[in-house]
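Quick heads-up: it's one chain on its own, the form predicted alone, in structure tokens.
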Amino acid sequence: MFKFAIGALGALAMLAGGLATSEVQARSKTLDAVKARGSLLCTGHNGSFLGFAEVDDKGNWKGLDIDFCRALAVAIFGSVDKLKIVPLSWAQRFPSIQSGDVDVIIKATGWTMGRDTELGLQFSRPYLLGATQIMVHKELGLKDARDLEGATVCVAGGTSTERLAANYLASLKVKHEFVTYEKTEELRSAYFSKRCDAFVGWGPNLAVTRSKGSANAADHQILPDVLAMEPESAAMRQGDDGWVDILNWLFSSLMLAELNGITSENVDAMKANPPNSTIGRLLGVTPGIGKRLGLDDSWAYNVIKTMGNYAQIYDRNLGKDSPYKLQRGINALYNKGGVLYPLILD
């Protein structure tokens, strides 16, 4: 009996070892298809979704989502030149991923149960948390939503945003008056003409509205209150866990670089003299980070060198270096008062 038990344990150990080896060597089918094609197909927008996917006056794509598409192309090919942006409407994005017209959706896409269970999609870890917030005229001197007592509040009528705002202000016992509009243009016009004191909407869109709708964006402030939260994630076809792994570790590597102060400017110095074993592994000095994903060991180094860390990407598209000046808030790393964090690289 004892010999049998030892033999059985040995067989299980060999089986586990074999499984672990095959898992390390496993490739993503999508990754193989992308490499065979010689290009990555990633989502754009059919127009300009400001701050996320927009076309500048020279016809070049820019935006947070576009930069993450570029980062993925660099991780795979070592260059942004292999990226092809496919302009899509919101309605087209899910049929396009299922048909293979794109390899991944990086397009301000919320991770919902319906999409996860009914559309045949898998999602990466969230790369951004989209908060429903409140913008006000700065001259009113308001600090947070509790100061909206007796205020008129602009909100899109018949939407979930209206319900969220009503519930939130009710929970604070703040008396207010809603001014509702169905058309976005009318809603913005009402706010900027001061027919209402506050404007409720998705935080990034409010930042864009503030920048584009006023001669002086500093005249408007976004209050710190968070009425609701939506995790924005990359969406992929179900059944390719290796592809999901690549996206998860792409986003995590950018956050890990920020956490450790690694930027596009100092990454070469960090690689030449890594301060610790984690940084050595991240930058490919210690082998292994690439083989596990079917990529080169230098993939994360290439991404950081080309695109910067998470903070650099955020700041130039939505934050302090952009026209929109949207503060990081909850999208800061955990050590800066936010909720984002890198996964453990071992």
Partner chain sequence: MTIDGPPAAARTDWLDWLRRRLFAGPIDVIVTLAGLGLVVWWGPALFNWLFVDAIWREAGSEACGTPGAGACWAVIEARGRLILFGLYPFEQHWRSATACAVIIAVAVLSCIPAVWTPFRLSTVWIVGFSTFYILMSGGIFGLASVGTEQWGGLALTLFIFASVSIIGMPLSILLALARRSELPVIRWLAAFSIDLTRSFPLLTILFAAALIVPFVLPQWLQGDKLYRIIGAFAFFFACYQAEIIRGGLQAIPAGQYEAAESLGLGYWRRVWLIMLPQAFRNALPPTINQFVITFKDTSIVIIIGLFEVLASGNAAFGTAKWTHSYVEVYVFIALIYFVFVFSLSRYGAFLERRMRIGHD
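Nothing here was measured: the structure is a model prediction, and the numbers come from that model. Positions refer to the first chain, counted from 1.
In what follows, reference is made to the form predicted together with its partner chain, a form of this protein that is not presented.
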Handout entry: its partner chain in the predicted bound form: contacting segment from 40-48, 27-35, 281-289, 295-303, heavy atom within 4.5 Å
Key = 40-48
Completion exercise
The one residue among M255, V208, A156, V267 placing a heavy atom within 4.5 Å of its partner chain in the predicted bound form is V208
Handout entry: Sole residue of P87, G120, P274, P231 within 4.5 Å of its partner chain in the predicted bound form, by heavy atom
Key = P87
Exercise for the section: May I ask you to state whether D67 is within 4.5 Å of its partner chain in the predicted bound form, using heavy atom distances? Expected result: no
Exercise for the section: Classify D101 as contacting or not contacting its partner chain in the predicted bound form by the rule of any non-hydrogen atom within 4.5 angstroms, answering yes or no. Expected result: yes
Handout entry: Non-hydrogen atom contact A91 with its partner chain in the predicted bound form at 4.5 angstroms
Key = yes
Practice task
Would you check, heavy atoms only and a 4.5 Å threshold, whether G239 touches its partner chain in the predicted bound form?
Solution key: no
Practice task
Let me know which residues along 298-325 have a heavy atom within 4.5 Å of its partner chain in the predicted bound form, or say none if there are none.
Solution key: P323, Y324
